[in-house]
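What follows is a single chain, given as structure tokens, in the form predicted alone.
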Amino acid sequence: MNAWQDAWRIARFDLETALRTRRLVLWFAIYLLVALITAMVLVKIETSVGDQIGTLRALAQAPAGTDEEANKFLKGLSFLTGGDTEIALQMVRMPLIVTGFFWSILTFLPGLILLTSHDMINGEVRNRSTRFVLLRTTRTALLLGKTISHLSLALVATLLANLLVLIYGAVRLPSMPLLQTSGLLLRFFALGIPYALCWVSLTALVSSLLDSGPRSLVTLGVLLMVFQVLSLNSDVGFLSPLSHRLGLWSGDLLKVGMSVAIYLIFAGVFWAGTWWRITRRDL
């Protein structure tokens, strides 16, 4: 119990410190700018080709095998979803602003976490602040506090981006189904928690293994590219966290649950590796 209490104190102090740094404010501003630009592009597409999008949705909802044009459309769309027509249908039935924005979150959130959290462990080790913290608590509590604070930063950025997109869409698209869009954004925000936790845990692992902040950032960038390449391979793609993103789109609760579980497993493995490292090194 004391470990959790200490972890929350560490997380609160870490958040207060982080929110005063210019680097974090800069990356948050860039992330929100990307969200706003994404919303502007999606709204522009919606207003320009809204009728065609409605036609595509009608075709996508036609029963399989009853419409040749619908089948061609689904076949083409499923190319983007690894051949899964069910997920393709789920995506096209959503408001365009939700579909595009959630895809951008899954694409850019790992980068934001890497940029803001790459020195979450080694930064504290370099300036010796961990020694003062560890006089009053355990290394496990320290890692828990760091994980909570950096996960919270990622989720705050995501929540702000969601609100920004929702407000912009509501203002520029009066016909946008506000309740449906809000519900979907809230759903995808919840599904983004295990996704973000996976990347925070990976960042913590690399930061605990390397003593240099810039070296951690470069290593994480390389790993992100490696994971992207692995996700394209049908034989070893399951080893990449990026290859399990599509499951979060599914309308099947079992598939969604499996994707969430996989991200929690990734996070658990990365976090356990970090814990093993920091409990055996000189801090």
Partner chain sequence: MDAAVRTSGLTRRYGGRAVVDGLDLEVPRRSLFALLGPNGAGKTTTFAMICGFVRPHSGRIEVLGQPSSRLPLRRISALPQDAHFHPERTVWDAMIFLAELQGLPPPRARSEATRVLEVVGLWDSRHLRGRELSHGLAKRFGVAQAFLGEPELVLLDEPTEGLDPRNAHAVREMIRQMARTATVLVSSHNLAEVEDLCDHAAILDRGRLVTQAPMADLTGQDQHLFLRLAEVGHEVATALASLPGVRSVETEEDGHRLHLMLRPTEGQSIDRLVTDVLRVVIDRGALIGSVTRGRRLEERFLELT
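Numbering follows the first chain given and starts at 1. Nothing here was measured: the structure is a model prediction, and the numbers come from that model.
There is another form of the same protein, the form predicted in complex with its partner chain; it is not shown, and what comes next is about it.
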Even though its partner chain is not shown here, does R172 get within 4.5 Å of it in the predicted complex, heavy atoms only? no
Flag A267 as yes or no: does it have a non-hydrogen atom within 4.5 angstroms of any non-hydrogen atom of its partner chain in the predicted complex? no
Please check if S129 has a heavy atom lying within 4.5 Å of any heavy atom of its partner chain in the predicted complex. yes
Is E124 one of the residues lying within 4.5 Å of its partner chain in the predicted complex, judged by heavy atom distances? yes
Counting only non-hydrogen atoms, the one stretch of 173-181, 129-137, 90-98, 203-211 within 4.5 angstroms of its partner chain in the predicted complex is 129-137
Neighbours of its partner chain in the predicted complex among 16-45 [non-hydrogen atom within 4.5 angstroms]: E16, T17, R20, T21, R22
